[in-house]
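A single chain, nothing else alongside it, follows as structure tokens in the form predicted on its own.
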Amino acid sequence: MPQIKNLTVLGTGVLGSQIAYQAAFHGFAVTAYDIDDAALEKAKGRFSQLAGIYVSQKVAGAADGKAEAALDNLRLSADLGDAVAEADLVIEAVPEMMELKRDIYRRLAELAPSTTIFATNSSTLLPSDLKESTGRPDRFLAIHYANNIWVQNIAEVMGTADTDPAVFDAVVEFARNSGMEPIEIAKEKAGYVLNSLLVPFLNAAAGLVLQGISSPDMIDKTWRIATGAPTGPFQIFDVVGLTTAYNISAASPDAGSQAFAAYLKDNYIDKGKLGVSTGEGFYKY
């Protein structure tokens, strides 16, 4: 079974930064890649913020120096070739756009060592739709994380018919060693387990707003009080990020999803309200 010691994460947005920091916290050597120095400067802020969160939320070992030590395990790079030169595993966490992902895999295929395993963190796209772009379908699969991964610590691992079982097992072991609870998916399914449950819920909430049935805050209030859940669907949208919600909705052929994409663009995205990351989305933070 391949041994994974060096991790590269492509994309330092909300979830990409969490994946990188979580692995670094658990002792992996991590390189975080993004497109330019400005993006990496923002990533530094996210990593410092995560160190503080791990301490304040009493993640085991964080207050004893592990949170700060994790920062020393992180290297940042805006050069893709440099970022993947020694990678045992590359986790791609770029926006949910098929051609963007395919393009980056074509570039990776030329730059990464032949032994490197590629994994997509896509929440909606099947790895089968991307595997030919990788040039190594036997060393490619999906690993999907939930947001706030230090608490919601699942890692859904899903291969294709071409994925080498030893590669699958190595990624499951990596997930476990980086503090996650591996969820092994036996068969390809868009949305894995988590989003197969979550997305219909969020779509139902979006439909209630689009139809004028109720407002986001009333829908969230209903869900929290009636179920005891800590957050409602529109609070979840804010955490995930409205750009991600827009990209997923805009890519769907469903008329309702297209309408929700337009609603997000007109009322929030065009106004710079992208969710928690910008301090305002459906709510102010």
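All of these numbers come straight from a predicted model, not from anything done at the bench. C-alpha atoms forming the largest set that superposes within 1.5 Å between two forms make up the rigid core. Numbering starts at 1 and follows the sequence shown.
The next section is about a form of this same protein that is not shown, the form predicted together with a further copy of the same chain.
In the predicted complex, residue 189 approaches a further copy of the same chain with a heavy atom inside 4.5 Å. Using a 4.5 angstroms limit between non-hydrogen atoms, residue 92 is distant from a further copy of the same chain in the predicted complex. In the predicted complex, residue 44 stays away from a further copy of the same chain, with no heavy atom inside 4.5 Å. Remark: residue 113 does not count among the residues lining a further copy of the same chain in the predicted complex, judged by a heavy atom distance of 4.5 Å or less. Here is the short version: of 78, 98, 151, 71, the single residue with a heavy atom within 4.5 Å of a further copy of the same chain in the predicted complex is 151. Screening 130, 167, 205, 104 for any heavy atom within 4.5 Å of a further copy of the same chain in the predicted complex leaves a single hit, 205. The stretch in contact with a further copy of the same chain in the predicted complex, judged by heavy atoms within 4.5 Å, is 174-182, chosen from 134-142, 174-182, 120-128, 78-86.
Residues of 196-214 that come within 4.5 Å of a further copy of the same chain in the predicted complex, judged by any heavy atom, are 196, 197, 198, 200, 201, 204, 205, 208, 211, 212, 213, 214 in sequence order. A movement of the C-alpha atom of residue 44 falling short of 2 angstroms is seen between this form and the one not shown when the two forms are aligned on their rigid core. For residue 166, a C-alpha deviation below 2 angstroms is recorded between this form and the one not shown after rigid-core alignment.
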